[in-house]
Ligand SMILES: Nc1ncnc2c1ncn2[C@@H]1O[C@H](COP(=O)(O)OP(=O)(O)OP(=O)(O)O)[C@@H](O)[C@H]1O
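The data below hold one chain only, encoded as structure tokens and taken in the form predicted alone.
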């Protein structure tokens, strides 16, 4: 297993993620679920993080996307003091700089594929992106026909929805992509195809991919486990 990326000579501007002394506990009287002394991920690097159910994987991702606030410590994303931002500024930063592929995809079923992508661009206040052109480019890269753009999301196959979820995460060309257990419902062939498409599409972004399925580690140059990220004194639930 490869240890977490720790590039001490990099400045914060060179890092996608820099966590220092970060702890989080759901109950103040309990041991922390997250207890990370130091972790750095350089921009453009892809890392696979494994861990059993309940090991703190989703909690880590929620801290990195700002849906949870750390109990202590600092989180910097892309050189910005993310953990110190207000909730409103975190939302704006996330929409503009972070792409998320959820386990359940979270597409808006009654909207077309194009509308799902346009909503993501809207919330990022991205007035420079040509949504139609960017969507067409992404669908081609993800091997989806362009006529999918005009279909309702809930009428697509699971495999198509999954690739649309990738396209939505990438519509704003994020520097950091977070992927949460996206292959649990797929057979082996579909899973392998998804992984190849995902990593090709995110070649220029930093990627944090979280899963309990350790067989997916083969797709990543860097791998670690939640037990390695957390200090031994931590006790993830």
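In this text, all values refer to a predicted model and were calculated from it rather than measured experimentally. Numbering follows the first chain given and starts at 1.
Absent from the display: the form predicted together with this ligand. The rest refers to it.
A.B. asks: Please determine whether residue 33 contacts this ligand in the predicted bound form, using a 4.5 Å cut-off between heavy atoms.
C.D. replies: Yes.
A.B. asks: Tell me, yes or no, whether residue 181 is in contact with this ligand in the predicted bound form, where a contact means a heavy atom of each within 4.5 Å.
C.D. replies: Yes, residue 181 lies within 4.5 Å of this ligand in the predicted bound form.
A.B. asks: Given that this ligand is not shown alongside this chain, does residue 65 nevertheless sit within 4.5 Å of it in the predicted bound form, heavy atom to heavy atom?
C.D. replies: Heavy-atom contact with this ligand at 4.5 Å: absent for residue 65.
A.B. asks: With heavy atoms only and a cut-off of 4.5 Å, decide whether residue 54 touches this ligand in the predicted bound form.
C.D. replies: Yes, residue 54 sits close enough to this ligand in the predicted bound form that at least one of its heavy atoms falls within 4.5 Å.
A.B. asks: Taking 4.5 angstroms as the heavy atom distance cut-off, pick the stretch from 187-195, 55-63, 164-172, 40-48 that is near this ligand in the predicted bound form.
C.D. replies: Only one stretch passes the 4.5 Å heavy-atom test: 55-63.
A.B. asks: Only counting heavy atoms and a 4.5 Å limit, does any residue of 124-158 reach this ligand in the predicted bound form, and if so which ones?
C.D. replies: Heavy-atom contacts within 4.5 Å come from no residue here.
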